[in-house]
Ligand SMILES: Cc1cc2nc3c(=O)[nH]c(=O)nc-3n(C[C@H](O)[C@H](O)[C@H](O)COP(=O)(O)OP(=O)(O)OC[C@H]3O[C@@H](n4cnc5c(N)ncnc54)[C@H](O)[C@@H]3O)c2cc1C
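To begin, one chain is listed below as C-alpha cells, in the form predicted alone.
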Amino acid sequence: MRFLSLYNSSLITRWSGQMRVAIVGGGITGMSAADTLSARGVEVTIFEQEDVLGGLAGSFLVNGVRLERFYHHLFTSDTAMVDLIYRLGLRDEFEWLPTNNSYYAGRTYRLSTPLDLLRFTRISFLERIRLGILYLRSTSLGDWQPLEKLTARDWLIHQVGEHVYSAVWEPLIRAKFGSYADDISAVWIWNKLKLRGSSRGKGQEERLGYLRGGFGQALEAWEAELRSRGVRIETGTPVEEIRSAGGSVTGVVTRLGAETFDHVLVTTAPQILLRIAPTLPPDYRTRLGQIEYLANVCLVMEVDRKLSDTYWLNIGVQEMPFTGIIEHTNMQNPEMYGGVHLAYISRYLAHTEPAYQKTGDELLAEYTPHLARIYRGFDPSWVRRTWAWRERYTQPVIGLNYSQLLPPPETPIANLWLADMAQVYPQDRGMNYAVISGRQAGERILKRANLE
C-alpha cells in the first residue's frame, strides 16, 4: 500500500513562477531538499558526481541483492527516515530487529543489556554501576550546551573515573579520531550514548531498523517519485564552479556547460563548497576551512561462515587498525544473499594515509593477523570476495565549542545555501538527520521566495 502524504503528486501545490534551484550533491540531504521543493512546484536540478544517487547510503549488488557500501541501520528515534520509508510504500519490508553489541579488548565481552554490563569484568563492579548510570543520565540529559566546553576525555573521567576511561573509552575514541582524540567534544560522545540508550526495547536489548533487501530500494523509489514530479537528475556530473554576480548567486558550471539558477544549495562537505565557489569572501572561507573531516575506508567481506554471534563489535585494542566489525548477516538472514555471510570492517583515517587507497585484498592481508586474534582459526580462505569502499568526507571532527564554528545555512553570497552533515550538530551524521536537514534547507529556500 502506498501511503498518502503532502508530497503525493495529487496534492502538490503548484505556483506560477519559474524559480529554478540547483542542488549540488545527490545524497539523502539533496534528495530530501528536492522532495520539499518539487512538492511546491519549484524547478529542481540535482547534480551528482557519482553515477547513482544516495551518497554514503549508496548500494552495490551481492548475489543480486542490494547492500549498502557503508553499513547502515536506523535507531528507534530516527522517525523521519522511517516515515519516508513508509511513505514510499515499503512498510512491509521494514523491520525492527534485536541486535547485540560486544567489545573486544584481548577477549570479547558482550555488552548488549544491563545484565551484560554487570558481567563486564574488565572493570570493577562499582565502576560497572557508574558506567550504567552514565548511560541512564545520557538518555535524559536535556541541556547539552555545557558539554561544549568539555572534552569527551574530561567529561568521561568525571563521570566514570580515569580507569574506566582508559580501559573502555579511550581506545575507542583514539581508534576513531586518531590525533584528534583528546580534542573531541563531550557533545559527540553524549550523543552516541543517547542514541544507543534510546533504541533499547522492553527487554533492554537494542533494536535497530533495517529495510529487508537494502535501503537502496527506498532510494530507488524516491528517485522515481522525484523524476515523476519533473526533478531533473544529472548523475556523473560534478559541479565545477558556482558563479555569482553583484553578491548573489547566478548559476553553476558543469560538463554540460553554464546554467542559470535562482538558488544553489550545496549538500556536500564545506571543503567542496570552498573549491567550487571562488567568490566566497576570505573570512567565510577561513571559517569553512576550520571544519575538518575524517575519511573512511570500509572493507566488505563475503565469508563462507559466520565469524561470531555479534552484530556490532567495537574494537578496544589501539594497535588494531580498524574501529569496528559489523556482521551484517547477524542482523539479516544469510539466505537473502545466497547463503553467504557478510561483514564490514570500518576504519576512520586521514585521506592521506596509504591504507585509504588499498584494495579489498590488500586490506584483508593487513587485517588478517588481527582477525585471527579475534576469531579463533580465522583464515583468509574463508573470504570469498572483498570490496573496498572509501569516502573522503565521512566524519566531521567535533571539537570544543563547535557551535561557534558551525557555518550558518546561508552563505555570504545571497541565495547560495549550505546543508551538510557538519551542520546537524549536536546530532551526528546519519540518514535520519540527512532527511531532516534537506527538508529544512528546502523550507528555507521556499520561505525566502515567499512560497511556504
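Numbers follow the displayed sequence, beginning with 1. Owing to the predicted nature of the structure, the values given are computational and were not obtained by experimental measurement.
As for the form predicted together with the named molecule, it is not shown, yet the points below apply to it.
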Candidate spot Thr108, Pro171 and Gly316, all three touching the named molecule in the predicted complex (heavy atom, 4.5 Å)
no
Listed residue (Thr237, Thr250, Thr329, Asn101) with a non-hydrogen atom within 4.5 angstroms of the named molecule in the predicted complex
Thr237
Using a 4.5 Å cut on heavy atoms, which of Ala39, Leu418, Leu56, Val62 is close to the named molecule in the predicted complex?
Leu56
Gly25 versus the named molecule, in the predicted complex: is there a non-hydrogen atom within 4.5 Å?
yes
Thr268, heavy atom within 4.5 angstroms of the named molecule in the predicted complex
yes
Could you confirm whether Ser403 comes within 4.5 Å of the named molecule in the predicted complex, counting heavy atoms only?
no
So in the predicted complex, is the named molecule close enough to Tyr425 to count as touching (4.5 Å, heavy atoms)?
no
So which stretch, 157-165, 181-189, 71-79, 128-136, is the one near the named molecule in the predicted complex (non-hydrogen atoms, 4.5 Å)?
71-79
Hey, which residues along 28-56 are within 4.5 angstroms of the named molecule in the predicted complex, non-hydrogen atoms only?
Ile28, Thr29, Gly30, Phe47, Glu48, Gln49, Glu50, Gly54, Gly55, Leu56
